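Listed next as structure tokens is one chain, alone, in the form predicted alone.
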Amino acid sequence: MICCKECIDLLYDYIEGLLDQETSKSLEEHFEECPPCIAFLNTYKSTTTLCRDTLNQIEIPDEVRHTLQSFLKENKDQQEKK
């Protein structure tokens, strides 16, 4: 069974549909038994949607966008190595 910390670590991949079926099922079972994690999931989804919608409406200078994309990619790569 997945614990709360693992749940939080897997949220991005879960929302993006990147998890294997077994891990997704374990995560969904955890959500059924853990109201705080389902509340966190709902907040996370809302925040992600809001940020995406806002970023689509704001013009970001190319240099800032490239720096941000590089930073996010590096952090994602570091997280995957853990």
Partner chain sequence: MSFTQQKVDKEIEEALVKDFQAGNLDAYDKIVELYQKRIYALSFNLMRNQMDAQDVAQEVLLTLFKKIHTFQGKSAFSSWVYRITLNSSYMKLRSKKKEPKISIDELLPSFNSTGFQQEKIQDWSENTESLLFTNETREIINKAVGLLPEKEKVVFLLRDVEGLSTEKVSEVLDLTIPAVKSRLHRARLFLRKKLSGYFEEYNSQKGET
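Numbering follows the first chain given and starts at 1. Think of the rigid core as the biggest set of C-alphas that the two forms share within 1.5 Å after superposition. Just so it is clear, the structure is predicted and the values come from calculations on it, not from any experiment.
Beyond the structure shown, there is the form predicted in complex with its partner chain, which is absent from this document and is the topic of what follows.
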| query | finding |
| --- | --- |
| Residue 63: touches its partner chain in the model of the complex, heavy atom cutoff 4.5 angstroms | yes |
| Residue 26, heavy atom within 4.5 angstroms of its partner chain in the model of the complex | no |
| 4.5 Å heavy atom contact, residue 16 and its partner chain in the model of the complex | yes |
| Distance check, residue 59 to its partner chain in the model of the complex, heavy atom within 4.5 Å | yes |
| Stretch 48-77 - residues with a heavy atom within 4.5 Å of its partner chain in the model of the complex | 48, 50, 51, 52, 53, 54, 55, 56, 57, 58, 59, 60, 61, 63, 64, 65, 67, 68, 71, 72, 75, 76 |
| Core-aligned CA displacement of residue 53 at least 2 Å between this form and the one not shown | yes |
| Residue 66 C-alpha moves between this form and the one not shown by 2 Å or more, core aligned | yes |
